[in-house]
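Quick setup: one chain, the form predicted on its own, written in structure tokens, and binding and motion questions come after.
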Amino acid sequence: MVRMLQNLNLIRAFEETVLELSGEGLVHGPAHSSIGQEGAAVGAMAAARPGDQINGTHRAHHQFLAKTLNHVSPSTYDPLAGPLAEPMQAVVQRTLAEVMGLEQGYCGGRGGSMHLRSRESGVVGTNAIVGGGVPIATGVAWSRKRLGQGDVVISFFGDGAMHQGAVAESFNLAALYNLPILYFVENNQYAVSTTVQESTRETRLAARGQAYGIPAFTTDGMDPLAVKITTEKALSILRKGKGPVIVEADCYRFFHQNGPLPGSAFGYRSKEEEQKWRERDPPAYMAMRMIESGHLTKHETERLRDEAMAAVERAAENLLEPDGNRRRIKPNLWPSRSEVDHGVRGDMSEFDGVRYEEKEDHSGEVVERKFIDLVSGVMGRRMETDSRIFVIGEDVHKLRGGTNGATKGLAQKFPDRIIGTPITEGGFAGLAGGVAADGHFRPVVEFMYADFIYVAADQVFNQIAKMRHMFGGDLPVPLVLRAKVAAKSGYGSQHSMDPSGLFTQFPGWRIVAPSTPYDYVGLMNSALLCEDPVLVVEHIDLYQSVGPAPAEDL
């Protein structure tokens, strides 16, 4: 409990410093303060294990710090014994550096306040799109279930995200696949200025779980111990293989959506309401409870608060220098301009030593083969040699190979790796993105028609395409997206588009469009080897065409 109180104080001091720096113009970007909501994150992370994974939304400093501080905290560390342990001090400084856009930050300063990731600590990555990270976390849960090591995933999001389609789709997929994920709703009462009552008739957000067969809990998010106990109950369900679970924690955002002013300054809530919630301020509330129970003295709680403030001040001093009567960021701490485009895509080093053969120089037998047979044939060969590859999409597991035969025979050979889905393109595309980012499996996503990509636009373009770059440039995202184009085939305007031009606007994607059976073999093999997301464009009129292709060497 002493460590929990210390984390509460550290997060509070950190957020107060961020608001102060933002007021001085030293935070390039938003400052979404979590002041008032620290109890939910600290309580939840006190119940998690080191191997558990988390993600969050744009307001996630408290979640990130709670997880990373716990990860590096020495087992013998006593918060009352002296200054903050060196690894914990480093976490505070690196997190502050990231929020300020500096090179020593967790993502090299590229993620800033809203895109925080620490793979070693189990932070999958926080997300600026409300609800956009929930399918990603669902994918990480799918991956962790396959690994079978007992890890679970906690996806934090707010009351506003509960109304996003991506969240509903994720609930359904997680329940369908029985995934070990806790959907943790920090209900801070407002989506910017819109109340929960203005957003939905059913204001009991945890009640959404009933529609999906998901057990749900509500808890007092201002009481870290209540959150810890509730989270422990939820995680015990996940670890027994009975997930997913929803927890709704009632809490309060003390300040406006962004910046150092209270919500009352903007007229959407009263000062009286704010004061009522401040009377249960999580750090002060937990300190009072620990004093009353005899766990700490008043002097000891004050020492914890003072050391937390000093630790954050030390971190800030290491990043700043005097500039007249102001402060400025030390010039040598900014990222190099030469690094701006690092990691938009990978360096293709995975192709070192790969054999390339044009049809005219092919070393094996070349025969006439049907295009569609190569689609299933190449996938089958690669699935035999690489157990990480799986296929996910609508009807891929039925109809003798999906709607066009692209997975013919594969469901029989690999019944647990040909994953049929509901009609939920955004949900399963995001799930696949989370699997890819987790680094243990290689998803192949099939969209029945390329036009259906637009239903999943956020996951395809805002998430999958940008992950590597926004999280520092070194995160592989090995995902293949097969998109079938039906132009001039009589399917009408909503089944006939070629999305290639749109994908070129998001340079995280690589694009291939094989037009012969021989080229399909080489390009699909390359896509399945690549550490970047690859769009494979397939025109359905080519499926029944016949042309030269390797007889056996797929």
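Everything numeric in this text was worked out from a predicted model, so none of it was measured. Residue indices: 1-based, along the sequence shown.
What comes next is about the form predicted in complex with a small molecule, which does not appear here.
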Fill in the blank from the handout: Checked 126, 301, 188, 121 for heavy atoms within 4.5 Å of the small molecule in the predicted bound form; positive is 188
Exercise for the section: Sort through 192, 265, 309, 284 and report the residue having a heavy atom within 4.5 Å of the small molecule in the predicted bound form. Expected result: 192
Completion exercise
TL;DR on 366-374, 176-184, 129-137, 469-477: the one with heavy atoms within 4.5 Å of the small molecule in the predicted bound form is 129-137
Problem - residue 159: touches the small molecule in the predicted bound form, heavy atom cutoff 4.5 angstroms - result: yes
Exercise for the section: Using a 4.5 Å heavy atom cut-off, state whether residue 59 contacts the small molecule in the predicted bound form. Expected result: yes
Handout entry: Contact of residue 424 with the small molecule in the predicted bound form (heavy atom, 4.5 Å)
Key = no
Practice task
Tell me, yes or no, whether residue 164 is in contact with the small molecule in the predicted bound form, where a contact means a heavy atom of each within 4.5 Å.
Solution key: yes
